[in-house]
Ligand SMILES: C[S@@+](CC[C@H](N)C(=O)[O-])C[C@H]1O[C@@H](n2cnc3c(N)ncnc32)[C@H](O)[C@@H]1O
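Given as structure tokens, the chain that follows is alone and in the form predicted on its own.
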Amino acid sequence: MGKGRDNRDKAVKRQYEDFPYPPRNPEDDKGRLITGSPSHLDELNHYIFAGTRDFSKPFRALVAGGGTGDAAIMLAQQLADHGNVGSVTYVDLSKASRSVVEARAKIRGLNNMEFHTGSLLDLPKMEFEPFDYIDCCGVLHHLENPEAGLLALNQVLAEGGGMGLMVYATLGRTGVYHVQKALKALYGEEPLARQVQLSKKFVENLPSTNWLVRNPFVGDHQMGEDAAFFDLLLHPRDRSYLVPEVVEFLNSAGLDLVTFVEPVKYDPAVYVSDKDALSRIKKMSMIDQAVLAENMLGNQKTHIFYARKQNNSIPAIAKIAPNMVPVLKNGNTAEGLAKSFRGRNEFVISFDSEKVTFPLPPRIAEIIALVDGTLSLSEIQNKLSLNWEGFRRLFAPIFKFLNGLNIMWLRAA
């Protein structure tokens, strides 16, 4: 057992030395900043620190298994933009991946990062000060013992801190593991580059009945990039999780789920019109609702979520209050959103080909036009000449809609 595990550990490390993932050209950082979930500062502030974290004060972030650096660079750049008193610690097994991140940081002129080559399992022995926030995406599901990895992360997490995590989701990856087994049986003993060459030909000729061929939600193997193909279909070790398994996984390490991202995808009421079913859904817990939504949709390839230590009495998710400032996700402008809502009573959004129609709350365009990232809710309320309760009744469904899509968060003024 131990020898087999060691061999798989070596195989995982060799994969990321030969195929750093995701493939990134450091020169691209001259003109773009890749952002996403989890770990955008406004997003993690909303879900972990109730919107009250001041990033102009010291903030320690860890990116564990950071790959080629998207999360680490995003965090470091945003912290630098807030005054450069925060820091990002990057840890990864792959020296090849680390070299990519270091080159990206150098191009950006970031001096708030430190880099370490090693396993996240060794974090408790690396003598770091506790971290306020930990990002670990696409890593834990590749460990021989994911529970041990998550426990190691929790051991270096500060009290009151939180994590942004991503693991593979089972239903949306239907077919992946069938093909993995077939390719391993055929080409598992070949050199890595040869495995890719032979496997691509094999996958191109899979019968139409194959579950991967029939799965419209998985397309990494069709991108033409060897690293993406290898990571999906030739990885020496990975597993996937259903919603109940995510919760059990977190609990095994002394953590509680805060929320899945995007929240709306885990709300079954969005996909139901039957009144009896809706009344039953309202009586369900958040977790049971997420389980139902997962089984209804069947297209989730990953679970992205925030977690905190158990028995944490400090509120996590930001709540609507007069002093809170609504902020929009990068790429969304108040005027652009307002324009898309004007003159409409409903709005159609596609979730991996599943179209969902949302009724638009009253006055949404008028209110969104005032969301500039600086005005507090009380200031927006005053501009509309409303009392607080009247404004709150208008804003609450607007916020539920946009926060559910993960494009609006709250932070303290």
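The first residue of the shown sequence is 1; numbering continues from there. These numbers come from a predicted model, not from an experiment.
Below: the form predicted in complex with the named molecule, not depicted.
Asker: Within 4.5 Å of the named molecule in the model of the complex - does that hold for a heavy atom of every one of 331, 369 and 406?
Answerer: No, none of 331, 369 and 406 comes within 4.5 Å of the named molecule in the model of the complex.
Asker: Under a 4.5 angstroms heavy atom criterion, identify the one residue in 120, 165, 113, 233 near the named molecule in the model of the complex.
Answerer: It is 120 that has a heavy atom within 4.5 Å of the partner.
Asker: Select from the listed residues 86, 268, 175, 138 the one whose heavy atoms reach within 4.5 Å of the named molecule in the model of the complex.
Answerer: The residue from 86, 268, 175, 138 that makes the contact is 138.
Asker: Do residue 300 and the named molecule share at least one heavy atom pair within 4.5 Å in the model of the complex?
Answerer: Residue 300: no contact with the named molecule in the model of the complex.
Asker: Is the gap between residue 51 and the named molecule in the model of the complex 4.5 Å or less for some heavy atom pair?
Answerer: Looking in the model of the complex, residue contacts with the named molecule do not include residue 51, since no heavy atom lies within 4.5 Å.
Asker: My question is simply whether residue 294 lines the interface with the named molecule in the model of the complex - judged by any non-hydrogen atom within 4.5 Å.
Answerer: So residue 294 does not count as contacting the named molecule.
Asker: Are any of the heavy atoms in residue 21 no more than 4.5 Å from a heavy atom of the named molecule in the model of the complex?
Answerer: Heavy-atom contact with the named molecule at 4.5 Å: present for residue 21.
Asker: Looking at 92 to 100, 253 to 261, 338 to 346, 312 to 320, which stretch has residues with any non-hydrogen atom within 4.5 Å of the named molecule in the model of the complex?
Answerer: Heavy-atom contact with the partner occurs in 92 to 100.
Asker: Give, in sequence order, every residue of 63 to 82 that has a heavy atom within 4.5 Å of the named molecule in the model of the complex, or say none if there are no such residues.
Answerer: Read in sequence order, the residues that approach the named molecule (within 4.5 Å, in the model of the complex) are 65, 66, 67.
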